[in-house]
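First comes one chain, alone, set out as structure tokens in the form predicted on its own.
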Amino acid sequence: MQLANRTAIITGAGSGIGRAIACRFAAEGAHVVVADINDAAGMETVAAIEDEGGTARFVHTDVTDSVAIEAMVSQTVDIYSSIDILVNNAYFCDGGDILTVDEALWNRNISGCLSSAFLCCKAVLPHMIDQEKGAIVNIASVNGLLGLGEEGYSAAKAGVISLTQNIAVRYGEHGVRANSICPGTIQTPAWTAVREKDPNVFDRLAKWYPLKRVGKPEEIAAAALFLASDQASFVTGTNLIVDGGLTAGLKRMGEELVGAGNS
């Protein structure tokens, strides 16, 4: 087991990528703290872990509230004595064109994605520094690398990548590693409303992916496991892109260019 007897806090672990990471970490021997604002969803994750023989606790947490985050960290230390891994997965995403997004909605994107990661890192880092070890995995997005719309969310995710790099550089000498993951389109419950309106959305999006499909939460969990484990002991400050080749190049555009050159 790659994470035997280690304690991992995973935010937004009630569903989707967060749940997949929580279940995978628990299967690898970690004591998992399921942090989520949705109590029912969080408890479902705990039940799924316990059904497989793993160890998990649910802690109701609003990751935009520093007081709630401090309480989450205190409870974790009281229960498990240490914090070895932090996965910042919770997020907020809404609003498109910058001209139609008001200031309040913009701030919710920044708070839900970037400030939440900052607050959780700030609360956990002192414990990792004292231990002289720790691994932080921040879930960013390909939206933080390319102009794909959702301006507030995208700007926040770009900030997550930069925050991760700075933490890695500043606290590496204390044994703390920090890395980020940029997923492409992943089949999660967050897409439920979209799929109800457009059942074929994943098939349409798959055309842009070299692997001709969108991703699964378990595939992001596998990447997070690698970065959190000793297998990545010399990996820090890295942004791991897990996107089925989406950002490697635009094949369809290339075909158009070649076609234009031959006309």
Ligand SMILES: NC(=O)c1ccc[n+]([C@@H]2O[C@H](COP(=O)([O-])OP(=O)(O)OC[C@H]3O[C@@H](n4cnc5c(N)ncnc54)[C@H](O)[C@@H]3O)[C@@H](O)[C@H]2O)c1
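Model, not experiment: these values are computed from the prediction. The numbering used is simple: start at 1 and walk along the sequence shown.
Below: the form predicted together with the named molecule, not depicted.
Asker: Using a 4.5 Å heavy atom cut-off, indicate which stretch of 96-104, 162-170, 78-86, 132-140 touches the named molecule in the predicted complex.
Answerer: It is 132-140 that comes within 4.5 Å of the partner.
Asker: Taking I37, G184 and P189 as the candidate spot, are all three within 4.5 angstroms of the named molecule in the predicted complex by heavy atoms?
Answerer: Heavy-atom distance to the named molecule in the predicted complex: all three under 4.5 Å.
Asker: Could you tell me which one of T55, S229, T64, T238 places a heavy atom within 4.5 Å of the named molecule in the predicted complex?
Answerer: Contact with the named molecule in the predicted complex is made by T64 alone.
Asker: I'd like to check something about R177: if you look in the predicted complex, is any of its heavy atoms closer than or equal to 4.5 Å to a heavy atom of the named molecule?
Answerer: Result no; R177 lies far from the named molecule in the predicted complex.
Asker: Taking heavy atoms only, is M72 within 4.5 angstroms of the named molecule in the predicted complex?
Answerer: Although the named molecule is absent here, M72 would stay clear of it in the predicted complex, with no heavy atoms inside 4.5 Å.
Asker: Spell out, yes or no, whether the shortest heavy atom distance between I9 and the named molecule in the predicted complex is within 4.5 Å.
Answerer: No, no contact at 4.5 Å.
Asker: I'd like to know if G244 sits close to the named molecule in the predicted complex, meaning any non-hydrogen atom pair within 4.5 angstroms.
Answerer: Contact with the named molecule, no.
Asker: In the predicted complex, which residues of 147-161 put a heavy atom within 4.5 Å of the named molecule?
Answerer: Stretch hits, in order: Y153, K157.
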